[in-house]
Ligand code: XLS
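So this first bit is one chain, no partners, the form predicted alone, shown in structure tokens.
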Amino acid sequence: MTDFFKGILPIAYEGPESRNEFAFRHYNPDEVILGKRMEEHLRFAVAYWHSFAWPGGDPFGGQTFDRPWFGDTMALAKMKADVAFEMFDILGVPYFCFHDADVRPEGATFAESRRNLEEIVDYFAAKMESHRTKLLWGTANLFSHRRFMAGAATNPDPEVFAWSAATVKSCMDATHKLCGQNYVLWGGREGYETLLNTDLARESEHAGRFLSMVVDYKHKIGFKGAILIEPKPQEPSKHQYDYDVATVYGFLKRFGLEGEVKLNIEQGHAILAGHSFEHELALAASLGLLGSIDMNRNDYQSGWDTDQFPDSVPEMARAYYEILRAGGFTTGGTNFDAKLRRQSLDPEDLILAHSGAMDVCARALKAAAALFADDTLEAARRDRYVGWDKPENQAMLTSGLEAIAARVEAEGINPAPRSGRQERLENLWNRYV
């Protein structure tokens, strides 16, 4: 035990009227919604990197957090793990997520870094035997070190490609050993700064081959979780190859991997791509690619990825409605890829940021579930397309232009516009949210 969270008791559900700052008002893990416990719907996870590894810097300022585990020794890495699992217990979260660089010190060689990771994985495994929190997903940090300044799988230097492949193997091994539900690939620097020094065709082929090797290795080791790609359009690269859901789908189709890989979709990344979060979720679901989500928000004035904790019930309700329409999570969940503000220095801030976000998501889920169960919105959606249920209209989809044109003239088809009823449906939505 450490004393970092000394005096903070486990957060319990006390209901909407509670005045206790350290209580859940809406997140009741045992409440049954649409036949499933709330905890099983939301599947909350804590992001190790933002909560325990981030020093509090921004593009214009350095470290503001002074954590007792900051340092590059194995002893401090284990202290960090002790604190992390204490926080998991306080929050009652079922899952956590990590990159290799979050949990172990960097070694002088790849082999030393791998051994450090393996030692921490064993330490995690022992903790997971006595704690309820499990691993939602693991991943590799292939973007922070200067060796990745020109990418990892798409790097023009084959030695960086090799280092990256070896790193992913070690992280997949770690995830597999810890019975992770998923393995995530985020190409933070898989993109380009200028076309003057970039071979797009070559880099794309290398990225496709790299992902194929990941899928092959998954099957070789018997990993039962999902392989997920996390789209992001920009920052730090000028144009990243995994721009959004549609771009990633095209990439997967090109290399025949659409049946092997799904997506981890982040709210902040969707906004950077010029989309809404619910659009990216709905598109992924329509393509059979919805895997998991990173829950956060951006500052809409700053225009970059600020990774703030969610605070808008209406925004999150739109997201969870699309997840419910897709049938809910299987291996995925709600990972809080969010970080404290640089001025939020206290241990209590770390707890309250997460518990508040969990309440926002729970309230949003309940609103979305109530509307989904009512079926009025879905009935309106079905009614808008009801004409397509007629056999003669379905037949158009397997005929040709000549046959359709002949039918238009023979039947005297002259369609009158029908209202989309958008405002009426927005009013319906707002009655629930």
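All values derive from a computational prediction rather than experimental measurement. Heads up: residue numbers just count along the shown sequence, starting at 1.
There is another form of this protein, the form predicted in complex with this ligand, and it is not shown here; the text below is about that form.
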Practice item. Could you tell me if all three of E39, Y320 and R363 have a heavy atom no more than 4.5 Å from this ligand in the predicted complex? Key: no
Exercise for review: Tell me the stretch among 265-273, 170-178, 123-131, 220-228 that has any heavy atom within 4.5 angstroms of this ligand in the predicted complex.
Suggested key: 265-273
Exercise for review: Check whether R189 has any heavy atom within 4.5 Å of a heavy atom of this ligand in the predicted complex, and answer yes or no.
Suggested key: no
Point to revise | in the predicted complex, K232 touching this ligand (heavy atom, 4.5 Å) | key: yes
Check your understanding: Is D294 close to this ligand in the predicted complex, meaning a heavy atom pair under 4.5 Å apart or at it?
Key -> yes
Review point. Even though this ligand is not shown here, does F143 get within 4.5 Å of it in the predicted complex, heavy atoms only?
Key: yes
Study note, to complete from the structure: Heavy atom within 4.5 Å of this ligand in the predicted complex, from candidates E278, D305, D82, E258, belongs to D305
Exercise for review: Select from the listed residues D100, D337, D359, D244 the one whose heavy atoms reach within 4.5 Å of this ligand in the predicted complex.
Suggested key: D337
**Study point:** Residues in 240-255 close to this ligand in the predicted complex, defined by a heavy atom within 4.5 Å, in order
**Key:** none
